[in-house]
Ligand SMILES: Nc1ncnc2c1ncn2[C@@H]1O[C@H](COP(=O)(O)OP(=O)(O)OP(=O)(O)O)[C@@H](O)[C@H]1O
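Take a look at this single chain, the form predicted on its own, given in structure tokens.
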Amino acid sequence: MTKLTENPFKFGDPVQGDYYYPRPELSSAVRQFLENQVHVVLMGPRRFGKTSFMLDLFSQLEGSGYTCLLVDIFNVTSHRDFLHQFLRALRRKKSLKGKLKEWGKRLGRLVPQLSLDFDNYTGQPTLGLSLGQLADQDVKTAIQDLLDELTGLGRRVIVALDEFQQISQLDDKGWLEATVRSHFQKLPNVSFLFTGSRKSLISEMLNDPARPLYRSCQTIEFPSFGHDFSDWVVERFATVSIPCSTEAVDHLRVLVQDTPNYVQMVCFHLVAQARPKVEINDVEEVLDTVARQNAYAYQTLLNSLTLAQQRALRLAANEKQSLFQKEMLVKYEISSAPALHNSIKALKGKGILDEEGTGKGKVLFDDPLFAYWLRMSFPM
């Protein structure tokens, strides 16, 4: 068996360079909006390649003289977290370290303390700033001051908030949403790019007239991959002399809901195993193994749910549509359509399911590998 020294696939972290499948049409559309001061919301499931896309887009924009800042707010639970993530994003940009120091000096109430952080994307340790015991009102003021300073980061600035729907989950009566919205007009040289994976939450933020961000952004659905992506995967296998059928890649894409992270993960393992060729059965074998490796986490998640919610998940995993039909309810031992509706609503609130399209009775798993494990463990 020939030992392969370099794997042409990568997963887990955002990908760049040769590991990234380019999206030129999407890049052109998003860039046109941002360059014309139209703020953009890019919606798509998690692990769908949005962050990789932004990194590639920012590389292009920075080559044209833009200053680009990527802020990951997926795990923020407070205003303090939000401010901290903004500071971390500034520290990652070597070209902005001087401006960060200037801002810190001007903001007298922010007393920085040294702390050890880890970069979200590289995993490398970095010295950071601790916000200490600032009162919430001081944190709010610091956020407003920091947003005011964005205009001074460069002649043309793009700020991206990754998984921005998280700000709607803060218990602040919409203060942070309103604060971000108010800075749209205050920052004439700054465009915002928001990404999000919770379609139902984003829809509420942008389509409710009572919300601060009502109709304030151009919404773009992050497109699914086409057959060209399968061809690209086949070409990547060819770089290490492994023949791969396009049918196998197409089949894999269906099984993982077209999630590029999982496509690359399975392909990585296929290369690591030095398979002489890749067909549909090889894809299924590796995906089965990966799903079983996550069984403990998935079973633990199931155990935290009610029996009604567990049955709703089995239904959603095994059936593509028409979830509320009487035959489906009987088949999965669900008492009634309202009971199923309540279970799905609760699962959406937990971030396990979300809406798919506009058709009634369709849902999407936040983690398609979880859906695959459910089908494998509870076939119907």
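Please read all numbers here as calculations on a predicted model, not as lab measurements. Start at 1 and count along the sequence shown; that's the residue number.
What follows is about the form predicted in complex with the ligand, which we do not show.
*What is the one choice in 163, 282, 172, 81 with a heavy atom within 4.5 Å of the ligand in the predicted bound form?*
Among 163, 282, 172, 81, a heavy atom within 4.5 Å of the ligand in the predicted bound form occurs only for 163.
_Only one of 345 to 353, 326 to 334, 25 to 33, 40 to 48 has heavy atoms within 4.5 Å of the ligand in the predicted bound form; I'd like to know which._
Within 4.5 Å of the partner lies stretch 40 to 48.
*With a 4.5 Å heavy atom cut-off, would you call residue 294 a contact of the ligand in the predicted bound form?*
It does not: once the ligand is placed as it appears in the predicted bound form, residue 294 has no heavy atom within 4.5 Å of it.
*asked:* Even though the partner isn't displayed, in the predicted bound form is residue 52 close enough to the ligand, meaning a heavy atom within 4.5 Å?
replied: Yes, contact at 4.5 Å.
_With the partner left out here, check for me: in the predicted bound form, does some heavy atom of residue 370 sit within 4.5 Å of the ligand?_
Contact with the ligand, no.
*Quick one: is residue 184 in contact with the ligand in the predicted bound form, heavy atoms, 4.5 Å cut-off?*
Residue-level check for residue 184: no, no contact with the ligand.
*Note that the ligand is not shown here; using its position in the predicted bound form, name the residues of 20 to 38 with a heavy atom within 4.5 Å of it, in sequence order.*
Heavy-atom contacts to the ligand in the predicted bound form: 20, 21, 23.
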